[in-house]
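The chain below stands alone, shown as structure tokens; this is the form predicted on its own.
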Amino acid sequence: MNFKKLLASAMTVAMLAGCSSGGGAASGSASAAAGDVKTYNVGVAIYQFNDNFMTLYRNEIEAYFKTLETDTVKYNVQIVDGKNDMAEQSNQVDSFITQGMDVIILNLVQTSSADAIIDKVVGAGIPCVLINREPLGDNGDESYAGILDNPTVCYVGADARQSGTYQGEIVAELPDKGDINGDGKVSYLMIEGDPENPDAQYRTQYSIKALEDAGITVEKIDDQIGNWDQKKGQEICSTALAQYGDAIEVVFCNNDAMALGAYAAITDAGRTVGTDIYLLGVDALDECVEMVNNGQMTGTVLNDAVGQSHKAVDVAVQLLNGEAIENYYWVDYVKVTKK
């Protein structure tokens, strides 16, 4: 952190000296005379618009920037859809650089491409706030050099290990601890998100770890990739229920969209959530919170789109102002169960 803040201080001095071309945090205000309106150009690259959670997230980014505007400071926010295509997103970032964006908020399609994207953005002198999809260091933790070594790059997100842990704890806190048939073990179906996404990896791992840590024996009936998609979640759950029937006691879904699909499959199979099967999601979408309260879902975990998006915007504004930033910013998850 000392190295990062030292570089950040140097960056601040450079920006105060003024820079009138090529992007970077100063470009929105360098040529503005005293009393003029400063307009900062903000590029926001989302991995895919067709994602329930990221729809909430990006809409909140845009709305929150508006609330921060004053008579003398405006934010021109451009949000683009990566369409879950890394080549498409790379081209969009190139376009942001060509346009001379003052800051970029980036939700990567593939974290494996983080090095190439960050190198381009940093090379152009543009600050970058990574969101939602965390590139991990070589040790699989918060030691990613692209963040640690660059004073104008950071990550804002939630610790997916916590969300997985909360899913498992919700089951462990049930009267039967998820063991509906009383055979001494919890037999589960896991529906995963994008296998490259650390959130999917952690939610998968830590939901089961929480059960095991509580002394509960678990049995994996099936584990399939749903890529965050509602229709895929329904398809996977429908196939598993047809193949394994009542053997499945708990359906863990890495997000609420897939849980919505799984719920449709569960009802189609004549099963009843809370009676002969349990269903867990993550995101706490409004529809899913209502389902939890109605007993149609066992629980979900609030992935705070408002808290994360506001923090991302706040940090972006700090960068625009030439202020030093931290490497990582974390927003807690919250358990959601029936009231």
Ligand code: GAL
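Numbering starts at 1 and follows the sequence shown. Quantities reported herein were computed from a predicted structural model and do not represent experimental measurements.
What comes next is about the form predicted together with beta-D-galactopyranose (GAL), which does not appear here.
Partner contact region in the predicted bound form: 197-205, out of 179-187, 197-205, 142-150, 243-251, criterion any non-hydrogen atom within 4.5 Å of beta-D-galactopyranose (GAL). Although the partner is absent here, residue 303 lies within 4.5 Å of beta-D-galactopyranose (GAL) in the predicted bound form, judged by heavy atoms. Mapping the unseen interface onto this chain, residue 161 falls outside it, with no heavy atom inside 4.5 Å of beta-D-galactopyranose (GAL) in the predicted bound form. Using a 4.5 Å cutoff between non-hydrogen atoms, residue 132 counts as a contact of beta-D-galactopyranose (GAL) in the predicted bound form. Contact between residue 96 and beta-D-galactopyranose (GAL) in the predicted bound form is not found at the 4.5 Å heavy atom cutoff. Residue 54 is the only one of 291, 273, 42, 54 with a heavy atom lying within 4.5 Å of beta-D-galactopyranose (GAL) in the predicted bound form.
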